[in-house]
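Here's a solo chain for you in structure tokens, the form predicted alone.
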């Protein structure tokens, strides 16, 4: 990598850090504007103004917003997001207890969606213009147009309510057998895979088709190379950068889908914890969960940008 590539990568990383700082201010401001607070949620509607004021003072909710934001941001930077104002437990511990569940759900989705999307996208590019290509492309466009919550709701109504093949709740204990685990995760993973596969498939197909239209592929075709050899030995290696970029971008969309799917299937992950925190007006918990999702999204987008820079031959050979 030359100096230009390194400068572009450093600029992307710096931009991601600045974006994360701006996102922290937006997250704090939005959560501060939500109606009600933890004191009202804890004491109920019949609490007197004096009792509410005393509890808000005890929780630190009556301090100026800038001071609370500064303390919260310093704690986040130091790895201490504070305590839940509802339960009093450390926010880090609450998230750590749910994070493995969310990572398992995301990992299963990625393990299924990435190979399937890459295989379908490469096959559609190899036989572009065929019935297979048109069917796959039309199916991808149709599926990506449907939001995750609708896919998840229809899946529950069909497979859990009508056919009774799969459970509507998506969690099993740590001692569950493999078959029970597969049945429990089938619906949420299916709901997430639908959109992820569709997005990744379309971007993969576009990257491979772009290489197949290059002059060197036409030269190979004139020399009598087989379509499989042209794709696997020549086009695919040159398309690895755009494909990796497509994978990173598609997985970034997984973060938004996880929030919806965990809520619909009552899955005990970080997203469900954040939704519960919003209901209880537990702002330190909501802010930390939101920052965790935003940081993961920015990380994936930055990785996609860096891969796009590194894979660009015009930049590498300057």
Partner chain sequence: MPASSAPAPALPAEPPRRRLPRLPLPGLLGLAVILFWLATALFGPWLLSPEANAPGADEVFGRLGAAHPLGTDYLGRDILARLVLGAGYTVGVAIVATLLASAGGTALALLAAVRGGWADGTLSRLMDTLISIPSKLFALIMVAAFGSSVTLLALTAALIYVPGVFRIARSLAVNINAMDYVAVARSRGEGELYIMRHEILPNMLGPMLADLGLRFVYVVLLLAGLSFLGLGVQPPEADWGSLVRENLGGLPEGAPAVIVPALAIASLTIAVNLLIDNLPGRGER
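Think of the rigid core as the biggest set of C-alphas that the two forms share within 1.5 Å after superposition. All figures in this text were calculated on a predicted structure; none of them were measured in a lab. Positions refer to the first chain, counted from 1.
There is another form of the same protein, the form predicted in complex with its partner chain; it is not shown, and what comes next is about it.
Undergrad: Does its partner chain come within 4.5 Å of a heavy atom in each of 115, 136 and 231 in the predicted complex?
TA: Looking in the predicted complex, the three residues 115, 136 and 231 all stay beyond 4.5 Å of its partner chain (heavy atoms).
Undergrad: Classify residue 19 as contacting or not contacting its partner chain in the predicted complex by the rule of any non-hydrogen atom within 4.5 angstroms, answering yes or no.
TA: Flag for residue 19 set to yes.
Undergrad: Could you confirm whether residue 122 comes within 4.5 Å of its partner chain in the predicted complex, counting heavy atoms only?
TA: No, residue 122 sits far enough from its partner chain in the predicted complex that none of its heavy atoms falls within 4.5 Å.
Undergrad: Applying a 4.5 Å heavy atom distance criterion, does residue 144 contact its partner chain in the predicted complex?
TA: Heavy-atom contact with its partner chain at 4.5 Å: present for residue 144.
Undergrad: Is it the case that residue 69, even though its partner is missing from this view, gets within 4.5 Å of its partner chain in the predicted complex, heavy atoms only?
TA: No, residue 69 sits far enough from its partner chain in the predicted complex that none of its heavy atoms falls within 4.5 Å.
Undergrad: Select from the listed residues 157, 103, 74, 240 the one whose heavy atoms reach within 4.5 Å of its partner chain in the predicted complex.
TA: That would be 157.
Undergrad: Just give me the residues of 255 to 282, first to last, that have a heavy atom within 4.5 Å of its partner chain in the predicted complex.
TA: 255, 256, 259, 260, 263, 264, 274, 275, 278, 279, 281 sit within 4.5 Å of the partner.
Undergrad: Once you line up the core, how about residue 69: does its CA shift reach 2 Å between the shown form and the other one?
TA: Yes, the C-alpha moves 2 Å or more.
Undergrad: On a core-based superposition, does residue 16 travel 2 Å or more at its Cα between the shown form and the other one?
TA: Comparing forms between the shown form and the other one, the residue 16 CA shifts at least 2 Å.
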